[in-house]
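Take a look at this one chain, the form predicted alone, written out in structure tokens.
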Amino acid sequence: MNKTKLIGPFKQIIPMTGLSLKGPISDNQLNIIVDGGILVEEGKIRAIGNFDDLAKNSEGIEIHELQGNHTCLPGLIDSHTHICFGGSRAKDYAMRNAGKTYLEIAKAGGGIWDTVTQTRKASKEALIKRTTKLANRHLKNGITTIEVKSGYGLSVDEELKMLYAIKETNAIVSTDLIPTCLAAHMLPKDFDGTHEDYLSEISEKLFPVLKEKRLANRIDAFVEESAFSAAQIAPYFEKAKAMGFDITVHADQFSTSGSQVAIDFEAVSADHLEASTPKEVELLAKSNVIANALPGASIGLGCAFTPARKILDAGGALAIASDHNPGSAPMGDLLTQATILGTFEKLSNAEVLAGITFRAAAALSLNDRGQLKEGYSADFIGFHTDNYQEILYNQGNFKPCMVWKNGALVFDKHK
């Protein structure tokens, strides 16, 4: 029987409630519950408030009393990752830092195609093992929901292998994995046909299986000069929308056009945006598309950050994700990367935390997490401090000491 539990007291609870989805947020807008507690029932938050007040009517309630000072945040959400893959791209990283270009690295056998080759060689069981390891590492860093893309299979059978691996991993890890089909990552080198032929084959043969087997309800594509053009991807997204898939786009990473595609197809999010100009920023801000900044890719590639400050000031919605992948973003540490983005883009603590909680939830079309309030999933994390400002102040070096998922303590640093 799932008993009602009261967890606390937390010196501070930052529930991330009462804040707007779009536009700037100042730190003084944060609601801070002092000496708070969270009442949990059947994996959901039943009530949140002063711990002593909640404990007064404690008959039939398990009280999980914490010792010392703790600050509580909603479980973090990483809304863009590629943590299901085979092999390593350490050689690429070394070559890039030594001054080699993307083309030179690709000619030397590196690039996305190297990961495709290694992922195809890997068994489904090996992919499950790798994805499990990385998902558990994310969980210890406070991430209770992780988006995970395919895209290193680039054929119907190999994409299915990846998506089955993600689904089976989701059944054995504590964090939630949200699958996304990125079969339109690039034109596979071994495909005998045009970009249009490949996209047609994927949409005709793969999309129905995704629906039938419930492997993914999100379709992504890399809209870029080196991948698929806006014109090439349009029929693909039209088919996806007609079948009821959510759309997300790898957009404006090196050149612009992807953000306009995201707007045209009413995508849930446009991710990357490092190359976005004031024109794209303004168009995104006027739309309902979530702008998803990926500072890990900027750090990994040594390029400019997403213009996060401009997006917020224009009235846009900004999420922040790790882009954890073997090529351009191997670090995979969301809190560190979000802190660095905040430093360079002059984001308030509230804006950074919003980007990795409720705004990240919106980028995944999830309306049951990212905030701590009645009826939401009891996903929350605790830090050894009495001041939430210490979390970002330590620039990612300060990790959660406890993680709760659906009200269950799934990580405790002291055990």
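Source: prediction; values computed, not measured. The first residue of the shown sequence is 1; numbering continues from there.
Keep in mind that the form predicted together with a small molecule is missing from the display, and what follows is about it.
- Of the listed positions (83, 202, 341, 112), a single one reaches within 4.5 angstroms of the small molecule by any non-hydrogen atom in the predicted complex, namely 112.
- In terms of contact with the small molecule in the predicted complex, the residue from 218, 161, 185, 138 that brings a heavy atom within 4.5 Å is 185.
- Under a 4.5 angstroms non-hydrogen atom cutoff, the small molecule in the predicted complex lacks residue 265 among its neighbouring residues.
- The small molecule is not shown here, but in the predicted complex it comes within 4.5 Å of a heavy atom of residue 222.
- In the predicted complex, the small molecule sits within 4.5 Å of a heavy atom belonging to residue 323.
- Remark: residue 327 counts among the residues lining the small molecule in the predicted complex, judged by a heavy atom distance of 4.5 Å or less.
- The partner is not drawn, yet in the predicted complex one stretch among 191-199, 74-82, 230-238, 303-311 has residues with heavy atoms inside 4.5 Å of the small molecule: 74-82.
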